[in-house]
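Below, in structure tokens: the form predicted alone, a single chain.
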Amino acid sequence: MKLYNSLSRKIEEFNPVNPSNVTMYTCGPTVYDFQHIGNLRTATLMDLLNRVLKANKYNVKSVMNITDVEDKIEKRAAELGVTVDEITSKYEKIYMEQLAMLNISADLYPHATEHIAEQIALILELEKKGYTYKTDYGIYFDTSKDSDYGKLGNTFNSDKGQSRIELTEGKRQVEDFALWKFVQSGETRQKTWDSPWGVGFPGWHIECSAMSMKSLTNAFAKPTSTFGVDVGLTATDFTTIDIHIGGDDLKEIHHENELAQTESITGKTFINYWVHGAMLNVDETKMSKSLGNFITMQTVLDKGFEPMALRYFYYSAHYRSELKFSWEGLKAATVALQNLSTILTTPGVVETTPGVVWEKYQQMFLEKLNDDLNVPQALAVLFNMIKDENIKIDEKKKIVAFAFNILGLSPINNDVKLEDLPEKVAELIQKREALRKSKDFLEADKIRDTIKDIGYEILDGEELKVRKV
């Protein structure tokens, strides 16, 4: 199995630290608002890689964090006059429901607010090793002390990178980042904690280091006391994590800072394989809340699309390629998924014993996925198999079922009850049936095409079925 590693900037053979226990961490949502479907593309990447690893007989522990302390959350709570907990619980619940709709799951969802003691312990360790300094605004990581800083993002000094860096008085270098922030005079916050440096709250980057180390390594395994709280930090017990997943927009700042602070603490490689998914675009522009051009899952549902169609749409491009969203593209994904789903509902018994055809296509399908998760090519293998008239339907059903499982897809059925059809469509169907009975198939086919142009497909058989397309 091969993966593109953002750190080495090349495709590498996947060699886990412990083949019996692959560790994988994904940067999850900040729960202050609805997540847009670009965020869900990253979550789908995590789930796909998890499934492919398991198809290759690896045991996997998958962790996705929940960021529930952040300035945006405080701002939203203040605007609405509610508690931070009300905001975070509401949007986390919605996000988890949407993951379930897309057949996405991780083994563990740690929360930033549940790991404050661990974050303080990490900052104290950095302070002890000379990597920090204090300003009126907080405790900062001194990037000049890390000779490797910039090895992942590589563009942190670019105009694009600097535009996303917090500019705060007292910073020694523009790239330096906050580990712990102080509550400023006149500032009102609901979520603050005491610390060795004063009342405040953690920086964004230190949260992920604490949660990944606690969830996936033994760095916090031994009971010790840090600032009156038992967290058990023993940096020498840290074991390199196999995979870290996130959107491409996190690479040059957030993940760079995660890497720098963690390796400065442990003296060991933090992550072996950095996997970044490309952006979902709208009109050639990255989908984002800040630009106001985002689309939510609820909008997709309100327009009558199935969640599985969205997951299939993500597969229309390789995960490292930017993908342009359009409703026409989502409609095409729906039709393609319906066609695959129809294979599973076609009469025919699935053989319990795999045959030569099954073994051949299973291997071909996996080979494409094992080549840096190349889903478009894997789907091409699947459709070529379906077109092969020499393959029996029972074998086709088994191969499609295997593909659905590894891709995290479920069959969709857009059959429409005859009594629920628009009046015009119902009348055209009656006219077509009359033409078929009189054996005027040419005119009947013309009406069938007219019905399809309206948005419905006729499925002839023992029982007439109509499907929305």
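Given the structure is predicted, the values throughout are model-derived calculations rather than measurements. Residue indices: 1-based, along the sequence shown.
The form predicted in complex with a small molecule exists for this protein as well; it is not shown, and the discussion that follows is about that form.
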Legend entry - Per-stretch contact check against the small molecule in the model of the complex, the hit in 356 to 364, 241 to 249, 208 to 216, 182 to 190 (non-hydrogen atom, 4.5 angstroms): 241 to 249
Inset, instruction - Would you please decide whether residue 36 lies within 4.5 angstroms of the small molecule in the model of the complex, comparing each non-hydrogen atom pair? - result: yes
Legend entry - residue 286: touches the small molecule in the model of the complex, heavy atom cutoff 4.5 angstroms: yes
Legend entry - Non-hydrogen atom contact residue 280 with the small molecule in the model of the complex at 4.5 angstroms: yes
Legend entry - 4.5 angstroms heavy atom contact with the small molecule in the model of the complex for residue 62: no
Inset, instruction - With the small molecule left out of view, choose which of 407, 27, 46, 53 has a non-hydrogen atom within 4.5 angstroms of it in the model of the complex. - result: 27
